[in-house]
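One chain comes next, on its own, written out as structure tokens in the form predicted alone.
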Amino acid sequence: MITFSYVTLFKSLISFYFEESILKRAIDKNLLGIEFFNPRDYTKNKHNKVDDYQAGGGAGLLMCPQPLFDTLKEIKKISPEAYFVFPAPAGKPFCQKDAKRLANKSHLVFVSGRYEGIDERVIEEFADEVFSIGDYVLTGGELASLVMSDAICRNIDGVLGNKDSLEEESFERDILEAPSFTKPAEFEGLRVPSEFLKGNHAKIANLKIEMAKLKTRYFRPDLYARINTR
């Protein structure tokens, strides 16, 4: 079993996502466990504050070090194998290879910043990895933590009903997943490619590879350039 711990001021922004569908089933099957830590429970500030003004000036407040230091130290004390992940715009881009690799950890801790972010000393002291999910800024780290969690969970053995579906997903072999179709064979004048209806699985597989390459070339020319130079 892999444990996901979330360090957040707003548990409800994350907990709801595990109440339905695939992730709920993963919890029910003891493939996944989740827990929450609120830095506000660890603050020594008499007003229960977890933020402060930036040293040297600047707009907005930062999450200050003491509550987070004490929270993360407590987690590390309980679970020495805990692996700390910080979502941040400055982090390296999170990708499918990261999701597959992190699925082999026993305990992942996602530390969600708020306000203008987190005092850099917390990141320097505790972060095992810092990831960005895109070149944009969010209100907090909770959504980014959920995005990464979802991608990681799909790669945990037993979470998906059909493990073979992982083999055909986007970003495997650095190409996008081929277009998919269902019944009926024709809908409002739009037809499923005829080869898909003939039952020749070898030809279908080859066609899917070619369609996946074309889709990658259209939507992600950066990825297509990468596979085209091999």
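Residues carry their position along the shown sequence, with the first being 1. What you see is a predicted model; the values in this text were computed from it and never measured.
Beyond what is shown, the protein has a form predicted together with a small molecule; the following relates to that form.
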>> Counting any non-hydrogen atom inside 4.5 Å, which residue from V122, V109, I152, A144 sits next to the small molecule in the model of the complex?
In response: A144
> Does any heavy atom of G158 come within 4.5 Å of a heavy atom of the small molecule in the model of the complex?
Replying inline: no
> Is T139 one of the residues lying within 4.5 Å of the small molecule in the model of the complex, judged by heavy atom distances?
Replying inline: yes
>> Quick check on A88: any heavy atom within 4.5 Å of the small molecule in the model of the complex?
In response: yes
> For S79, is any heavy atom within 4.5 Å of the small molecule in the model of the complex, or not?
Replying inline: no
